[in-house]
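Coming up is one lone chain in structure tokens, specifically the form predicted on its own.
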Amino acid sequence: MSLWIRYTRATAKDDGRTGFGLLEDGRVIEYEGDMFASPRRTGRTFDLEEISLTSPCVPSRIVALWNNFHALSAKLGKALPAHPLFLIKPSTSLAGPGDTIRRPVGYDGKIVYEGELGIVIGKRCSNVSIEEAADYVFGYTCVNDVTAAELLFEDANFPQWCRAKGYDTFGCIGPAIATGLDWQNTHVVTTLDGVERQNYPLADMAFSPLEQVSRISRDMTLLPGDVIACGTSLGVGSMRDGATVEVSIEGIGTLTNHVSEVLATAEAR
């Protein structure tokens, strides 16, 4: 298994540019070119202390599933769907490790965390079979699918999933992309201010990652770097301003984000 990361390095030579590489034995091995298409080693290595992690990829969209776990489906009293149910989080919702989850302007309601597994697409993917899908999966990452929960049903005529989940910084991913992850034997663990809130097995998924890739690729073309958030299970809850939320998956690492402490206002901007 390999761990791919993206980072910035504040030196005169690097000038804060974003680079990418592999984590090996506590050091970063720098690569260049395209992470998803034959990247090349540069010969440079860094200590982790020399870099700041960013989102491990830059998706054109995050495809976020709903009702994809047996345990949550049973709690909600809803039948599992015949096809993955999903919404689209825009590219502008992206946030990386250590980034602040910003409260939307004028919204003072609940902001909810959802710890999830993310599938990272490795090459252009359209109308692929389940048997072919593995060739299109680059690896896996952690996702916090953040939601402004009280906006979902603000208008009784139309559930506002994309609006409630599409705000800037509401698509947290990272800290790395793990290739070759044995997802069936791992759990998603979410903590809020150090207290465990979620701990659920990924083996409880209704649609496996390969099924998701195959079925969603029939609905839309997926591009390299796109992320499919596999949905969440029991334990979703709200985050107070100033809270620290961590999503951990063994083999990938821990995605840490903080919620903004001060309510944003139009005047403040």
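This structure is a prediction, so every number in the text was calculated from the model and none was measured. The first residue of the shown sequence is 1; numbering continues from there.
What comes next is about the form predicted together with another copy of the chain, which is not displayed.
Mapping the unseen interface onto this chain, H83 counts among the residues with a heavy atom inside 4.5 Å of another copy of the chain in the model of the complex. Proximity of A79 to another copy of the chain in the model of the complex: non-hydrogen atoms within 4.5 Å are present. When contacts are judged by a 4.5 Å heavy atom cut-off, F138 does not count as touching another copy of the chain in the model of the complex. Shown alone here, D34 lies farther than 4.5 Å from another copy of the chain in the model of the complex, counting heavy atoms only. Contact annotation: of the candidates I29, A203, L48, M220, the single residue with a non-hydrogen atom within 4.5 angstroms of another copy of the chain in the model of the complex is M220. When another copy of the chain is considered in the model of the complex, only one residue from T100, N199, Q184, N127 comes within 4.5 Å through any heavy atom, namely N127.
Here the chain stands alone, but in the model of the complex its contact with another copy of the chain, taken as any heavy atom within 4.5 Å, falls in 154-162 among 113-121, 154-162, 171-179, 138-146.
No residue in the set W4, A10 and S38 has a non-hydrogen atom no more than 4.5 Å from another copy of the chain in the model of the complex.
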